[in-house]
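Shown below, as structure tokens, is a lone chain in the form predicted on its own; questions about how it binds or moves come after it.
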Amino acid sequence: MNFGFTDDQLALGATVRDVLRAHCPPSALRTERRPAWKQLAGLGFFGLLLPDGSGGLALSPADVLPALEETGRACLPGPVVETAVLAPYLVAHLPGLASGAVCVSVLPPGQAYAPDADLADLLVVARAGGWHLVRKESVRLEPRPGVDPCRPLFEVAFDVSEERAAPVGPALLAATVATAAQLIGVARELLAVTVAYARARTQFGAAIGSFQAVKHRLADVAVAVEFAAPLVHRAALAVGGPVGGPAGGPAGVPLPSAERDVSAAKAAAGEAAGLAARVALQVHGAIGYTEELDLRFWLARAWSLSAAYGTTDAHRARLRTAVLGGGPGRYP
């Protein structure tokens, strides 16, 4: 069996990469909150997971994985995962969602603040037993400090909301996998930029990339990324698609191993991105975290996404419980 990406999946990722290179350059991260969103909407990016009846393409999470990775590689600002991935599980028939006219932010369980909530037309808040949908005009926001300047955090308060009895699990699993895919993209970009710098930067009459200690650190990052990426792909295959679209199990139901697979993917992707950020900063030296160098945006994104939808430690704990607690077999 061939578990590699299909030509169509890779072509979708390449198309998104070209759009982001043209419309979301590093300079845009300093001046715009949602660069390239209009162009991505024109491609149908925000309707990839939506069913046909809602103006979408009814693709599966695995189909859009290369495209999501490219949004991480470009450090694309805005609630990308929340609007393009989580919303189709909960509000698939919301007018304007497929066209990108409606922006969605999410306050997941266990998190105190919602990212990019000031951009959202609809805020989705997880509560015990289901979700609360809060319109923009009913939300009170208070900015809170965060590590990522392109992913600002807000404390949320509201009085009026609409309850949605949909289960919390499937939507959160999909969003977690999508975040892991973004982390892979962030890690790949950090590695590429750091390798290029190591080739150009000289010390003692030689490129620092020729030093064995630097080579080993960069190789460690490459190995971590290549080990994490298949876990993310596996998790995407295990996660059920939105109701009405393709799924890992019947009728949008995740496979029995989905929670274990998603935690393994998020932990590995978070560790790979964290290692890539640490090595990038070590190789660049003090210039790596200065205001003038664009590298700081990818460093911050690696750190902020590693904590989104569960920290690496939390997912490691869940994975340990699943493995030692007699959960689904290794190959369900």
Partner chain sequence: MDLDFSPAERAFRAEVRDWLRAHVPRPLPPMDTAEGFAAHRAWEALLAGARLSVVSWPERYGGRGASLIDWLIFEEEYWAAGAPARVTQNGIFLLGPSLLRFGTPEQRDRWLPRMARGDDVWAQAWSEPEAGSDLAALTSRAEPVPGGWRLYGHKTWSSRAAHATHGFGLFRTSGTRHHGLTYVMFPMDDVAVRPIAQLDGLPGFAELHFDGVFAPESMVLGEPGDGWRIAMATTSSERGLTLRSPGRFLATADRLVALARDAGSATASATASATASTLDPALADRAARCWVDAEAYRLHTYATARRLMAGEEAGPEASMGKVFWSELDLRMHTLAMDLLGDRAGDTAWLDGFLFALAGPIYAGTNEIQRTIIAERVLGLPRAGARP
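On a predicted model such as this, the values are computed, not experimentally measured, just so you know. Positions refer to the first chain, counted from 1.
This protein has a second form, the form predicted in complex with the partner chain, left out of what is shown; the following refers to that one.
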Practice prompt. With heavy atoms only and a cut-off of 4.5 Å, decide whether residue 132 touches the partner chain in the model of the complex.
Written response: no
Discussion item. At 4.5 Å between heavy atoms, is residue 140 in contact with the partner chain in the model of the complex?
Written reply: no
Worksheet entry | Distance check, residue 15 to the partner chain in the model of the complex, heavy atom within 4.5 Å | no
Worksheet item: Closest heavy atom of residue 43 to the partner chain in the model of the complex, within 4.5 Å or not?
Response: no
Discussion item. Between 160, 165, 128, 206, only one gets a heavy atom within 4.5 angstroms of the partner chain in the model of the complex; which residue is that?
Written reply: 206
Worksheet item: Among 118 to 126, 103 to 111, 90 to 98, 166 to 174, which stretch has residues with heavy atoms no more than 4.5 Å from the partner chain in the model of the complex?
Response: 103 to 111
Fill in: Partner contacts for 195 to 211, taking the partner chain in the model of the complex and a 4.5 Å heavy atom cut-off
195, 198, 199, 200, 201, 202, 203, 204, 205, 206, 207, 209, 210
